[in-house]
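One chain is shown next in C-alpha cells, namely the form predicted on its own.
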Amino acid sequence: MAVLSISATDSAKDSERPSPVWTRWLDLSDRAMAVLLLLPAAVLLALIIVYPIGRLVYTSFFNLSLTSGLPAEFVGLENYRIMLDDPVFWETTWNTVLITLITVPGALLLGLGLALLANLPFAMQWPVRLSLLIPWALPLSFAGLIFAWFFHYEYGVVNDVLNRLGFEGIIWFNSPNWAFAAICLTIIWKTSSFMALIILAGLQTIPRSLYEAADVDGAGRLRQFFEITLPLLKPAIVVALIFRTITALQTFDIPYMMTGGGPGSSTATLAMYIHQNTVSFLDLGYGSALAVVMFILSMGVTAIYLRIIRTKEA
C-alpha cells in the first residue's frame, strides 16, 4: 500500500510540472497555428511590397535632387502642390486615362473574339491557341519598335497598304492625334492576346451540357452567348479587366519606343513623366510624388472592380 501511495503521489507531482517548451508548440490553437504558418509570407510581403511603398511615400515628402548636391530637405506636401500647378502632369495624366479608356475596352472586345475563335472545335486547335501566345510573349519595347516601323511614313507597312488602296499615306508621328491613334492600336494588338488567354480559360470551365440543353430548347447561338456564355464569363472578364487596367495606367514601353512622348508631350504618359523626373532629371522627391499618384490611381481602380464584384455576388 505504501508503494502504491508513493507512486500516486509521484504521478500527481509529474502532472503538476510545467510541460516542456516543445510540447507546448505542438498544442497550439488553430488561430495560433494559422498565424505561425502565415508569418513567413507576411514578412516576405512586408519586405517586397510594404517597405518599398512606404519608402516611396516617405521620399515624396522631401526635396531630393541628386543634381543639386544638397542634402534631402523635408518639404511636406510641397511636391504635391507643385504637381497641381504642373501642366505637364495634367497632360500626361489625361493621356494615361485616355489610353486606358480606349485600349482596355478595345483589347477586351478583340480578346473576347479571339477566345471564342480559339474555343471552336477545330480538328487542330493548337495552331490557333499558339498564335494567341505570340503577341503576349513579345516584349513591350520590341512591339513598340515593330509598330514604329509599321507606321513609318516612307517605308511603313501601313502607308504602303494605304497607297496600294489608292489613299495618301499619313505622317503618323507628326500629328498628336494620329500618333495617339497609332499607339492605341499597337497597345490593343499587344494586350488583346492576354485578355483572350484569360477569357479562354474561363470558356473551358463552362459545362458543355448547358449548350446541349439550350440546343434541345431551341435556343440559337446568339441567345446561348448572351444567356450562358457571357454570364458565366463575368468572373474571368473582371479578372482580365483588373490586370489590364492596372497595366494600362502604367503604360510606358510602347509610347516611349514609338514616339518618345512626342510631338511635344502629346503622347507622353504618367509613367514616362515619372521616368523623366527620376532617371533623366534625378529629381527623386518630385518623381516619388508622381509615382504615389499613379499608385493611388491603380489601387482606386482595383477597389472599384472589387466593389462591383462584391455587389454582384450579394
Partner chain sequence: MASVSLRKLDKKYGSLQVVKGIDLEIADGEFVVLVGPSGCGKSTTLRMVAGLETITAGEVRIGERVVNKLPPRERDIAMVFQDYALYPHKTVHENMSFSLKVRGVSAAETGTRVAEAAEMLGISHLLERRPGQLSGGQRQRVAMGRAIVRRPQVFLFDEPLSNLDAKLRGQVRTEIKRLHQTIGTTIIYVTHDQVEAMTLADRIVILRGGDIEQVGTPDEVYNRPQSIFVGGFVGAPAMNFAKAKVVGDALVFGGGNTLPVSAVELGRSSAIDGRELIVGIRPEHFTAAGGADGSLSAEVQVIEPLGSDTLVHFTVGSEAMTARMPPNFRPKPGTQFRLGIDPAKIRLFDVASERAIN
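All figures in this text were calculated on a predicted structure; none of them were measured in a lab. Numbering follows the first chain given and starts at 1.
Same protein, other form: the form predicted together with its partner chain, not shown, and the subject of what follows.
Between 96-104, 155-163, 201-209, 78-86, the stretch whose residues reach within 4.5 angstroms of its partner chain in the predicted complex through a non-hydrogen atom is 201-209. This chain lacks the partner; the member of Leu120, Ile134, Ile171, Val216 within 4.5 angstroms of its partner chain in the predicted complex by a non-hydrogen atom is Val216. Checked against its partner chain in the predicted complex, the residues Pro127, Pro71, Gly220, Gly113 give one hit for a heavy atom within 4.5 Å, which is Gly220.
In the predicted complex, its partner chain stays beyond 4.5 Å of every heavy atom belonging to Pro139. Interface membership of Leu232, defined by any non-hydrogen atom within 4.5 Å of its partner chain in the predicted complex, is confirmed. Taking the partner from the other structure, its partner chain in the predicted complex has no heavy atom within 4.5 Å of any heavy atom of Ile242.
When its partner chain is considered in the predicted complex, Ile146 lies well away from it, no heavy atom lying within 4.5 Å.
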